[in-house]
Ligand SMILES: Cc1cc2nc3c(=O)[nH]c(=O)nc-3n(C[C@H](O)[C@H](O)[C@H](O)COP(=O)(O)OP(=O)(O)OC[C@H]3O[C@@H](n4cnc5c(N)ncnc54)[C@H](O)[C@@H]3O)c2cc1C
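Encoded as structure tokens, the following chain is the form predicted alone, with no partner shown.
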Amino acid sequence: MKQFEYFSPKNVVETCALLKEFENDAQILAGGTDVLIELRKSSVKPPRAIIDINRLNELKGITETESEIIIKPLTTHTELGSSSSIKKHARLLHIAAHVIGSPQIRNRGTIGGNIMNAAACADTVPPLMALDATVKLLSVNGERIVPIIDFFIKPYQTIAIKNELLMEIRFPKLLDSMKSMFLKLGRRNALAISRLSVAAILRKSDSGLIQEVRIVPGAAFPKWQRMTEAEKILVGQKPSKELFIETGKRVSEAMISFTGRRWSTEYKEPVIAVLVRRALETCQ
């Protein structure tokens, strides 16, 4: 049986002190849907300490200001999916929360865990990046706020250091004129890890021209990123199927330029283009 010390801190201050004490050899336990699976693997060396933060109510909940939504990291995917604030002001995140795993996973898994685990298939990250979210990190040395677009280095690695605790995720509310969509493709219709996904936000002017657009694919690049070059061809244009097809092709080309051609490219190349087109069409 694997040996480790188990801690259940009473507050954030105690949590940060434990993270500092164990430095690179502590593991935060939130929902546990990823951590517990890893701990069961015979090839994985356990950390010296497991720090269970599930009892920290200060890390739970969704609040809103006049202009922003603030999500605490222990908010579950079920809570995201049932939040009227998320549904109204960040529809693409609301949709993403509903297609993560199974009801059991959504009841346990947290948005903080989805972000900090940094798996390429994480369903909440593309919507959060499209929403221009920021994350707040806390340690015994103080706090810092990082745009989520700068947060990820590569799959399973972020810029957070080992003694930092995720405190909140914050993003501006979408304007009423901003339409959004999240589409995901898995190997089956439920309980599926994303093979590819797309988060999209589109805003049209009073004259019907595209005024602003944001496109973030998931599971397509080494790390998540905005498709700025593809977005540029849309701004100032009248929405059309042909325009959205061309945008999808641009995203597909960008993916191949980053990843090169591999065994999965024949499948992914047309699929990501179609997902982008469908997401943009739904945003009209």
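Quick note: we count residues from 1 along the sequence shown, nothing fancier. Fair warning: this is a prediction, and the values are worked out from it, not measured in the lab.
There is also a form predicted in complex with the ligand; it is not shown, and the following applies to it.
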Inset, instruction - Identify which of 172, 155, 101, 81 has a heavy atom within 4.5 Å of the ligand in the model of the complex; exactly one of them does. - result: 101
Legend entry - One residue of 69, 53, 251, 219 in contact with the ligand, assessed in the model of the complex (non-hydrogen atom, 4.5 angstroms): 53
Inset, instruction - Considering only heavy atoms, tell me if residue 108 and the ligand come within 4.5 Å of each other in the model of the complex. - result: yes
Inset, instruction - Considering only heavy atoms, tell me if residue 112 and the ligand come within 4.5 Å of each other in the model of the complex. - result: yes
Legend entry - Contact label in the model of the complex: residue 64 to the ligand, heavy atom within 4.5 Å: no
Inset, instruction - Answer with yes or no whether residue 37 is in contact with the ligand in the model of the complex, where contact means some heavy atom within 4.5 Å. - result: yes
Inset, instruction - Mind telling me which stretch in 83-91, 209-217, 140-148, 159-167 gets its heavy atoms within 4.5 Å of the ligand in the model of the complex? - result: 159-167
Legend entry - Complete contact of 231, 268 and 274 with the ligand in the model of the complex (any heavy atom, 4.5 Å): no
Legend entry - Sequence-ordered list of residues in 21-41 near the ligand in the model of the complex, where near means a heavy atom within 4.5 Å: 27, 28, 29, 30, 31, 32, 33, 34, 35, 37
